[in-house]
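Below you'll find only one chain, the form predicted on its own, shown as structure tokens.
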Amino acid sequence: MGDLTIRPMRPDDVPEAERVSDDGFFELDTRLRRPSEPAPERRSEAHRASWLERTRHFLRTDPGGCWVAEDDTGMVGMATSYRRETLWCLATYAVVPGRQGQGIGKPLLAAALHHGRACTRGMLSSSADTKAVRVYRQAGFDLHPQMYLTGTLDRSTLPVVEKVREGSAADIDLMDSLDRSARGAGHGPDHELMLRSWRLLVSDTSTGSGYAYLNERGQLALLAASNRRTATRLLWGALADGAEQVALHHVTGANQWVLDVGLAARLELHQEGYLGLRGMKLPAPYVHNGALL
């Protein structure tokens, strides 16, 4: 192993960065797996294609936020981050298995953090990995436990859902306004990416507005609303239109309404990982995405 180099990510690095990320998260999921949980799996081809598209999107919008670490063995770490208005977000951060604790992660994260030096807010979604959590806390992030709900949807529990419609690019201004209220910044060009890949549901009435994305697996990927009643309506709509096997990830303590819906739908509640925040409070009513936050 030679000297470590931290350099900007290039477009031709993206497939290798995906491999580093997949190896890193597969090892982490295997190491942290609870006995009651199914065995971790590698990314499917569809998930891999989605990861590649998202990372190329970040390279186009934020080349200064995307970095790789390499030595004479090849790429040993990667990080992608981006700025949206006054908000900096860490999308993905991984070091190859067996190389953690060797001085790779900190300079890699420092390069990504430098991209957000002018931002007043920061967000990241962390696993429960002790080493990663320590680095994020040392970087000044407050750590808020995340919950998730899983199970087979009991359709007998579904209420009649009204005032929810299919969304489109015409709703981007509305969605950015909701984003700013919840997390202090719009998603901007990220909505264009999500609209290409995911299904959008919107509720826009005189009493409240909100939106929800369903990802390629039919699971809730992101939700923002102006009030809990609208958020609840959208979540029930997302469950009704989504997959039979449900996984509601990234639920924070400020969003107890998600627990009310999930438990009413007979889902099981679990806890894993953290939402890291800097210069901001917990977004609500809001269910963040792991990478697009």
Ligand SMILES: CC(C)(COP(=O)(O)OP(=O)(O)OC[C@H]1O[C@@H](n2cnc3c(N)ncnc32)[C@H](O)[C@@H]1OP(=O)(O)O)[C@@H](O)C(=O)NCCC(=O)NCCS
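It should be emphasised that the depicted structure is a prediction, and the values quoted were computed from it without experimental measurement. All residue numbers are counted from 1 along the displayed sequence.
The form predicted together with this ligand is left out here; the points below concern that form.
- For the chain shown alone, Ser156 is not a contact residue for this ligand in the model of the complex, no non-hydrogen atom being within 4.5 angstroms.
- Although the partner is absent here, Gly101 lies within 4.5 Å of this ligand in the model of the complex, judged by heavy atoms.
- Though the partner is left out of this view, Leu87 does not reach within 4.5 Å of this ligand in the model of the complex, counting heavy atoms only.
- Contact annotation: Gly105 falls within 4.5 Å of this ligand in the model of the complex, judged by heavy atom distances.
- Contact with this ligand in the model of the complex, judged as any non-hydrogen atom within 4.5 angstroms, is confined among 186-194, 136-144, 169-177, 216-224 to 136-144.
- At a distance of at most 4.5 angstroms from this ligand in the model of the complex, none of the three residues Tyr148, Val251 and Gln256 contributes a non-hydrogen atom.
- Listed residues Ala112, Val95, Ala212, Met123 were compared with this ligand in the model of the complex; Val95 is the one with a heavy atom within 4.5 Å.
- Of the listed positions (Val246, Ala265, Leu59, Leu28), a single one reaches within 4.5 angstroms of this ligand by any non-hydrogen atom in the model of the complex, namely Leu28.
- Contacts between stretch 106-131 and this ligand, counted in the model of the complex as any heavy atom lying within 4.5 Å, involve Lys106, Ser125, Ser126, Ser127, Asp129, Thr130, Lys131, listed in sequence order.
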